[in-house]
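Before any questions on binding or motion, here is one chain by itself as structure tokens, the form predicted on its own.
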């Protein structure tokens, strides 16, 4: 019997081997290579001197590292709860049995298939002072002020958060929508017989049933938000005055502009461990919630 199982499993090896080799080359080896780079003075061209933990010591006293880490954390704080609630609300709307159901699902999900370059170009076009779509609409409804969306710190954050929500909420909505469709209809039918209102059904049936997928959405959103980079780089460039510069942009600038890949790798590992700790905490809470 065991020989038959081994023979059956062995047949899958040729199909798994290409992916396994690619995974080792492009994921596992770079992890250890990055750790090696963080211990050296390493440029874009070659490896220089071994510096040990000097890069890590520099990171802890680098004000730019802490500022960009705070900017990234602020982005997570601003987007994560809003994204989860907005995705849930849109999923509830898209799950309604109406003639507009297909329209809702398509329109909510459509922005998520666009590239970050397209999204950023649209944002810049709409947020331009004087000629931008947003300011034109404000003038049309009688607001004479001329907001400079990307030159003011607060308005820049508002712009980035709103653009990110519009661009990425569709994916999270689909996850919640899948969870809604997995809820047995019999639960709602039984609650209606007992006289439960729509709010009570949502509170005592829908929310508890969506908790597992909700935890997944929360974890993915936190991890994704901590890796924010492209839309900020293209829309504000990290400005004004570095107020919106995220950690990954600083890592990019140190590695490819300042030609210091060793220190860039060090900060990358710091971000990696932050995400690892957050993932462990979230998964632990999920197991506690399921037990």
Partner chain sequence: MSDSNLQGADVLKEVSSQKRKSKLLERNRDPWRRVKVSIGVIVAILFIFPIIWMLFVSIKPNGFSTTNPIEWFTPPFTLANYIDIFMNSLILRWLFNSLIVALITTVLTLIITSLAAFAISQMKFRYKNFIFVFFLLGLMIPGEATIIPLYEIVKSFNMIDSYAGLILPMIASPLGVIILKSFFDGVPKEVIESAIMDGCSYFKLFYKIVLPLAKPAMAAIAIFTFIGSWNNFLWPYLSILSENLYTLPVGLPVFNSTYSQAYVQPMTANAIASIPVIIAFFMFEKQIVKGISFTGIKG
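Here, rigid core means the biggest group of C-alpha atoms that superpose within 1.5 Å across both forms. Numbering follows the first chain given and starts at 1. Note that the structure is a prediction, hence the values are computed from the model and not measured.
A second form of this protein, the form predicted together with the partner chain, is not displayed here; the remarks below concern that form.
Asks: Quick one: in the model of the complex, does every one of 19, 23 and 42 get a heavy atom within 4.5 Å of the partner chain?
Replies: Yes, the whole trio is in contact, each within 4.5 Å by some heavy atom.
Asks: How about residue 169 - does it come within 4.5 Å of the partner chain in the model of the complex, if we only consider non-hydrogen atoms?
Replies: Yes, contact at 4.5 Å.
Asks: Spell out, yes or no, whether the shortest heavy atom distance between residue 237 and the partner chain in the model of the complex is within 4.5 Å.
Replies: No - in the model of the complex, heavy atoms of residue 237 and the partner chain never come within 4.5 Å of each other.
Asks: Taking heavy atoms and a 4.5 Å cut-off, does residue 192 contact the partner chain in the model of the complex?
Replies: Heavy-atom contact with the partner chain at 4.5 Å: present for residue 192.
Asks: With heavy atoms only and a cut-off of 4.5 Å, decide whether residue 85 touches the partner chain in the model of the complex.
Replies: Residue-level check for residue 85: no, no contact with the partner chain.
Asks: Of 71-79, 203-211, 142-150, 116-124, which is the one stretch near the partner chain in the model of the complex, taking non-hydrogen atoms within 4.5 angstroms as near?
Replies: Careful reading of the contacts points to 116-124.
Asks: Could you work out which of 28, 48, 243, 53 is the residue within 4.5 angstroms of the partner chain in the model of the complex, going by heavy atoms?
Replies: For this set of options, the contacting one is 28.
Asks: Among 100, 183, 138, 158, which has any heavy atom within 4.5 Å of the partner chain in the model of the complex?
Replies: Only one listed residue qualifies here, and that residue is 100.
Asks: What are the residues of 237-270, in order along the chain, with a heavy atom within 4.5 Å of the partner chain in the model of the complex?
Replies: Residues within 4.5 Å: 248, 251, 252, 256, 261, 264, 265, 268.
Asks: So that I can tell if residue 268 moves, could you say whether its C-alpha shifts by at least 2 Å between the shown form and the other one after the core superposition?
Replies: Residue 268 C-alpha, core-superposed: shift of less than 2 Å.
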